[in-house]
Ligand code: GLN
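Only one chain is included here, represented as structure tokens and corresponding to the form predicted alone.
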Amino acid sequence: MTQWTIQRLLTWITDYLTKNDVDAPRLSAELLLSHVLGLKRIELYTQFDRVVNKEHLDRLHDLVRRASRHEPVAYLIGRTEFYSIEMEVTPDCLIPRPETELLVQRAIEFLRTRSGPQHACDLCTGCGCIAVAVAKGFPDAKVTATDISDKALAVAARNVEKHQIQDRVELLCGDLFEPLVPHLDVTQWDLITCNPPYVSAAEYEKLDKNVKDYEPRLALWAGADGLDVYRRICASIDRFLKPGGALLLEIGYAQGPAVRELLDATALFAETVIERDPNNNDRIAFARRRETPV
């Protein structure tokens, strides 16, 4: 009988996923195998000759089959890494992307320019990745995070508890600013962040299978031009952002000019910057509110 060692399994899974056009097949193989065996990825390489038993092989076979059909590995193993933080994810929430780490970096940099405790708000929080990363990266921040999906917020709550920041991150269920209205202890925020749905109707139809078939449409689709949520944020931001405070938005790869126009039309901001990611795509819109009205 063939003995399946960790080394043989890594090679076989990588080849199989490669043949099925799965992204990052080697990394996916490592993640699936380490998940099934309860090992860290590095431990796979220190235990190359370990023979894997039938129970583990059966579990692994099912996961590899599903991965070959482009079901996201993050959903299969129930976690992903974001900003060097392990986050739980489920099909009820969008999988955090590395590109979003730029927004977190800029958020923390902004908060560090200010003195005293800071109040941040994260809209469309999903699994809570931005809220958790900002709270961990800037301990003087109190973060209020909102999402329209109670199932996504349940995932966010587990992530907040996992990282033991329940005293600094509050989760509210509702649409954008809606749950903040009765939130009487804080009426305006120093920083508002949001990675909203921003995929247009035409773009949605062309999404990769692993995104369109598995990730929640509610977290992706944003109307005919992908700008619906930005318009709604701009319509209400005056009420919720402090003078001198900042709004940080993740945006689509070519949405910079349109989002800048929406922000400028509010006449609230002294500074508006569109920042590109390492792939030269529009990625972040930063807008700092004037200290005094024009």
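A residue's number is simply how far along the shown sequence it sits, counting from 1. None of these values were measured; they are calculated from a predicted model.
Not on display, but discussed next: the form predicted in complex with ligand GLN.
Contact check for Thr80: every heavy atom lies farther than 4.5 Å from ligand GLN in the model of the complex.
The shortest heavy atom separation between Leu94 and ligand GLN in the model of the complex is within 4.5 Å. Among heavy atoms of Asn195, some come within 4.5 Å of ligand GLN in the model of the complex. Ligand GLN in the model of the complex is approached by Val211, whose closest heavy atom lies within 4.5 angstroms of it. Here the chain stands alone, but in the model of the complex its contact with ligand GLN, taken as any heavy atom within 4.5 Å, falls in 196-204 among 196-204, 159-167, 145-153, 173-181. In terms of contact with ligand GLN in the model of the complex, the residue from Leu76, Leu111, Leu220, Val186 that brings a heavy atom within 4.5 Å is Leu220.
Scanning 235-260 for heavy atoms within 4.5 Å of ligand GLN in the model of the complex gives just one residue, Glu250.
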